[in-house]
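This document starts with one chain, in the form predicted on its own, laid out as structure tokens.
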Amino acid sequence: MRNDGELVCTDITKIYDTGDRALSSINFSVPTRGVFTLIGRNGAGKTTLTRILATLLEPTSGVATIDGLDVMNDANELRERMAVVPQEARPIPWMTPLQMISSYLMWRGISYRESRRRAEEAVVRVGLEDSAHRLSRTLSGGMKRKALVAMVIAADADFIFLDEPTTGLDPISRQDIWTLLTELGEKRFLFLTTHYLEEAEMIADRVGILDDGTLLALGNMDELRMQLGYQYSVRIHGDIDLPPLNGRVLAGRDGQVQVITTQDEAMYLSDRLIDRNVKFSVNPITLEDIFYHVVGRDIDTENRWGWIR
């Protein structure tokens, strides 16, 4: 069993031949255990950073290490310890999930018998046992993503990189994959990207927020709330003249008002709303709230909220 170490990025920058800067001086370190999730809007640089750390792309400058191994100079050694599903990955159309996974494992140097055993176990773990012998080209988009996830599960690697692993899955299948990834994170390191904020909040031990090639925040949910400075969200479903507040106030397109504030101020505001018979709800700050506060816009294309003050 390997010793726990760290993934360390030092001034990682990527400028493509076109002159487009995808990453700007990325600096962070996280333990190589548990689930680390990188979130950001489309074009934020998530895939570029994932490809660099997975030894698939050379940075323009900077250094990245995983358990002390350099992703450029020690790429071959790292590749023996990692499994990767890029965003653009697709199952081989003329192979079944079982054939594809078994072939992948044999390519990694595992015997046919052991490869077959692991492949059969992996398709069951992702809920693909009924489609294990179907050609991949006949599978739905969600089933294809499951087959790719099953492939890295079967590899039993120390480091697993998944770029948008649940894209195309229905809500029930997505929940199943979340459970599986959480279990995997108990014994190894998972680095995944997603634009589903609920997914990141549900399964990640640590979250990084990337926007326009810059890492804006990193930490677990409690640490991100502390960086925000507020712990609670009060959503108001009705008209009311708000008293002076220290928190941030947003107006939603649906007429709701959201106050991001401290525990004491949330209690004070709740008392006033109860006295005035106004409907409201109080909840801990979500990752969606944190993302909007840090980035200044929603993770999807249209903003549902706008700052009042």
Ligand SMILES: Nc1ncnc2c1ncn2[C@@H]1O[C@H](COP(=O)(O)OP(=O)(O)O)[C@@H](O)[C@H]1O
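Given the structure is predicted, the values throughout are model-derived calculations rather than measurements. We number the residues from 1 along the sequence you see.
In what follows, reference is made to the form predicted in complex with the named molecule, a form of this protein that is not presented.
Among residues of the shown chain, Val35 is not one whose heavy atoms approach the named molecule to within 4.5 Å in the model of the complex.
Remark: Asp20 counts among the residues lining the named molecule in the model of the complex, judged by a heavy atom distance of 4.5 Å or less. For the chain shown alone, Asn42 is a contact residue for the named molecule in the model of the complex, at least one non-hydrogen atom being within 4.5 angstroms. Contact between Thr179 and the named molecule in the model of the complex is not found at the 4.5 Å heavy atom cutoff. Among Gln258, Thr47, Thr261, Thr55, the residue placing a heavy atom within 4.5 Å of the named molecule in the model of the complex is Thr47. Only one of the listed residues (Ser140, Gln87, Asn73, Ser111) places a non-hydrogen atom within 4.5 angstroms of the named molecule in the model of the complex, and that residue is Gln87. Screening 47-55, 62-70, 240-248, 268-276 for residues having heavy atoms within 4.5 Å of the named molecule in the model of the complex returns a single hit, 47-55.
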